[in-house]
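Quick setup: one chain, the form predicted alone, written in structure tokens, and binding and motion questions come after.
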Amino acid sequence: MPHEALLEWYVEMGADEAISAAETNWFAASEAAAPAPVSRAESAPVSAPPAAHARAQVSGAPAQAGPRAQTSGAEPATDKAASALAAAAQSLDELRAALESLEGFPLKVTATNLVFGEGVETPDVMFIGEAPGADEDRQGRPFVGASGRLLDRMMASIGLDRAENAYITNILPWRPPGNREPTAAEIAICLPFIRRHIALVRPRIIVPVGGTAAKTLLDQRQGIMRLRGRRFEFSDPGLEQPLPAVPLFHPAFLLRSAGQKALAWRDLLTIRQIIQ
């Protein structure tokens, strides 16, 4: 085979480096060929978008810019702003719209759905829990999980039904991540909305369900074991007169502590007596 044809064959097979009898340090060669480091002043402008951001724009997906709660750029929600939004609502539809327009509230970002309320207006009883759970968050309805089914049975035992003469909601309309307890700041933001919610629904009696709801609505520091079954009064400028309030064990607690159901039955009888 001629030398030229042989060389061409070597190149086609990938042999593009000549080999000599002496050893070659290829690492040293690659270091020598590497470009000199570029100083910060000579680098690309800071305003140039990173590659990940450019890919996101091409694909239509949002760029990864940290926690979702910060992507809107909204200022953190304040008690004053929440109070103004709540006070302006003249109907339940307007109150829902006010909640949906609330900006700077992190729970809105982490939750799947707004869980507003369910039932009839001007009901005999308005049940108010703490916050939605996982089932409620998925469906956008209050008290629909295991504890909700138990609450339905408890209501039915004294002639109440959310489709006929009762209303159910929560202090927080958005689920805290992992079903954790709401923080004091989160409750303070949502309190004007639940107070306006009560004034618009106009029940004959309110039933705070669980310790957090009872302490928040009745301004108490005692736990639910001391508050349950007692008659309190709930006052609000939006109401013509104070409403009777009777705290009740949360159904989730009763599912874990079946021995307390007898006390809950007594409290339900107290609620029925007030209604009648």
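Quantities reported herein were computed from a predicted structural model and do not represent experimental measurements. From 1 onward, residues are counted along the sequence shown.
Below, we turn to the form predicted in complex with a small molecule, even though it does not appear here.
The partner is absent here, but in the predicted bound form a heavy atom of 142, alone among 142, 119, 203, 182, sits within 4.5 Å of the small molecule.
The stretch among 153 to 161, 123 to 131, 103 to 111, 183 to 191 whose residues place heavy atoms within 4.5 Å of the small molecule in the predicted bound form is 123 to 131. Taking non-hydrogen atoms only, residue 228 never approaches the small molecule to within 4.5 angstroms in the predicted bound form.
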